[in-house]
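One chain is shown next in structure tokens, namely the form predicted alone.
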């Protein structure tokens, strides 16, 4: 079973995304900020990271830069998902290491499809 880590400081958003990813066949873990997510990613193997931008302690950009700078995490596909919809936000996400940038709210079927495709193309560790 594919495993995903949802990183978002809003519990309702994590619950919403969990429901979508579990429906798509993922086993899901959660973290409420980048620090907690990095700790989990270093000890658990994930096939997908679903990362919010604005979070306390460590934001999504910093988290992704840390992930891409860590050899054992570098290849894990990452979707950054945010309410920030400006072009510069997307560019910053891709520079930080996101494989895909989505603007909230995301339709459940769209998120499930993209998560499935990203992990089916050999993106898992």
Partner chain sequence: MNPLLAEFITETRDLLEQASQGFLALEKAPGDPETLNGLFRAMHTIKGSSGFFEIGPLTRLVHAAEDVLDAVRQGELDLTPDRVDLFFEVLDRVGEWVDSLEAEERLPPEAEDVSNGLAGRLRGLLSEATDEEPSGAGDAVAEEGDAEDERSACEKVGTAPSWILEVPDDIRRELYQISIEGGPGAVAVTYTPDEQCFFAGDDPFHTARQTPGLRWGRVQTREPWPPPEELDPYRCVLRFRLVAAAPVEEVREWFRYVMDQVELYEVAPEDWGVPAGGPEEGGSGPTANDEKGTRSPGGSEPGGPEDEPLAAAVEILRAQTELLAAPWDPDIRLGVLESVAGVLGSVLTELGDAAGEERVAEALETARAQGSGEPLRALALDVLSRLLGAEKMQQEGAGVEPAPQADGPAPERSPQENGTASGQKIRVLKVDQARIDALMDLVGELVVAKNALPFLARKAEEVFKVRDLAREIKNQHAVINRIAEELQGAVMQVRMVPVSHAFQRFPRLVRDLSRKLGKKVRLVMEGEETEADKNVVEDLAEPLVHLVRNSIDHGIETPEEREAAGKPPEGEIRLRAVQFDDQVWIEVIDDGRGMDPEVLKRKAYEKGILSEERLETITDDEALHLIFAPGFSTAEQVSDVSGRGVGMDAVRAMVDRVGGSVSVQSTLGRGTLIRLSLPLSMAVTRVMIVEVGGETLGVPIENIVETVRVPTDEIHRIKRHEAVVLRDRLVPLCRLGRVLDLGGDEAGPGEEEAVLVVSIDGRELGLVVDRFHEGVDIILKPLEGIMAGFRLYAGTALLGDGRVLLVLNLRELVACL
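Not measured: the values here are computed from a predicted model. Numbering follows the first chain given and starts at 1.
Below: the form predicted in complex with the partner chain, not depicted.
Q: Spell out, yes or no, whether the shortest heavy atom distance between residue 100 and the partner chain in the model of the complex is within 4.5 Å.
A: Contact with the partner chain, yes.
Q: Using a 4.5 angstroms cut-off on non-hydrogen atoms, would residue 29 count as touching the partner chain in the model of the complex?
A: Taking the distances in the model of the complex, the answer for residue 29 is no, it never comes within 4.5 Å of the partner chain.
Q: Taking any heavy atom pair closer than or equal to 4.5 Å as contact, tell me whether residue 75 reaches the partner chain in the model of the complex.
A: Looking in the model of the complex, residue contacts with the partner chain include residue 75, since a heavy atom lies within 4.5 Å.
Q: Whether residue 40 contacts the partner chain in the model of the complex should be assessed with a 4.5 Å heavy atom distance threshold; does it?
A: No - in the model of the complex, heavy atoms of residue 40 and the partner chain never come within 4.5 Å of each other.
Q: Only counting heavy atoms and a 4.5 Å limit, does any residue of 2 to 41 reach the partner chain in the model of the complex, and if so which ones?
A: Read in sequence order, the residues that approach the partner chain (within 4.5 Å, in the model of the complex) are 2, 9, 10, 11, 12, 13, 15, 16, 19, 20, 22, 23, 24, 25.
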